[in-house]
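One chain is shown next in structure tokens, namely the form predicted on its own.
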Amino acid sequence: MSTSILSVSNLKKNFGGIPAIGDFSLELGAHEFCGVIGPNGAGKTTLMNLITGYAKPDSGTIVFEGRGIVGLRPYQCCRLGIARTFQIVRPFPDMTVLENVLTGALFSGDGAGTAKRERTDATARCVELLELVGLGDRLDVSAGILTLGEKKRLELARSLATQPKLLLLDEVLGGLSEQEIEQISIALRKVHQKGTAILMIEHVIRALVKLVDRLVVLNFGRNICDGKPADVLEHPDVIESYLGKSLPNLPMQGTGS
């Protein structure tokens, strides 16, 4: 495996005495594309909140590029190179699509709060990102009138504008049409090919397994299975806790459609 960009060790998080994450550990390679699956309430979003500073673990360590990040705020994690999307997308509705993405480019990462990054350069890069996610013809449209699929693509572009080394995706494909799923999938492949590590929570299994080279399964806050997608999806514990039945003939990463 390549050098780890993220190391999570013995992570625990309780809410009102109820464990959301229990003794969870994960090593993520610097150029890895890893999927996270599991039933609702398994702790998947909590895990992302812990990694990105939206919640603090009760115990355990989170190390990003050799630096402990437990206790850092979300904006600090972002400036280190960690970006994320959210299940419920909330763009700035009265701003244009382009302006929404510019907020990521200008107010986070190495250009935050400074004049180091010229607005013209940032604008050009944001236009490229919006073209990448299929919103190149919607630059001047108010974000509030976008469809759900368009808002999810906008959310992805805004997170990419921070120039992340690690991208966390929380059900970015949920509720989308087949065409929209394919559009985002193409964008994610390109992002990954350029060297960004990706950790992706997703319930759309048929699309996820075509993207990732590794699957982690969470159940009751614990990692119950971790490995190649084909092996994980046939594991008895995964079938029992999440799938309900085996899913034969799913196209895996690198096999096309």
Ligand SMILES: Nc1ncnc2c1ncn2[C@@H]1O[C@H](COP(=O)(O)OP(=O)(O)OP(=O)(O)O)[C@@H](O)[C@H]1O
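Computed from a predicted structure; not experimentally measured. Start at 1 and count along the sequence shown; that's the residue number.
Separately, the form predicted in complex with the ligand exists; it is not shown, and the next lines address it.
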- Query: N40 near the ligand in the predicted complex, any heavy atom under 4.5 Å?
  - Reply: yes
- Task: Tell me, yes or no, whether E171 is in contact with the ligand in the predicted complex, where a contact means a heavy atom of each within 4.5 Å.
- Result: yes
- Query: With a 4.5 Å heavy atom cut-off, would you call T196 a contact of the ligand in the predicted complex?
  - Reply: no
- in the predicted complex, T45 touching the ligand (heavy atom, 4.5 Å): yes
- Heavy atoms, 4.5 Å, the ligand in the predicted complex: which of 65-73, 226-234, 187-195, 32-40 makes the cut? Say which one. 32-40
- Query: in the predicted complex, do F86, V217 and R222 all put a heavy atom within 4.5 Å of the ligand?
  - Reply: no
- So which residues in 12-31, when you check the ligand in the predicted complex, have a heavy atom no farther than 4.5 Å from it? F15, A20
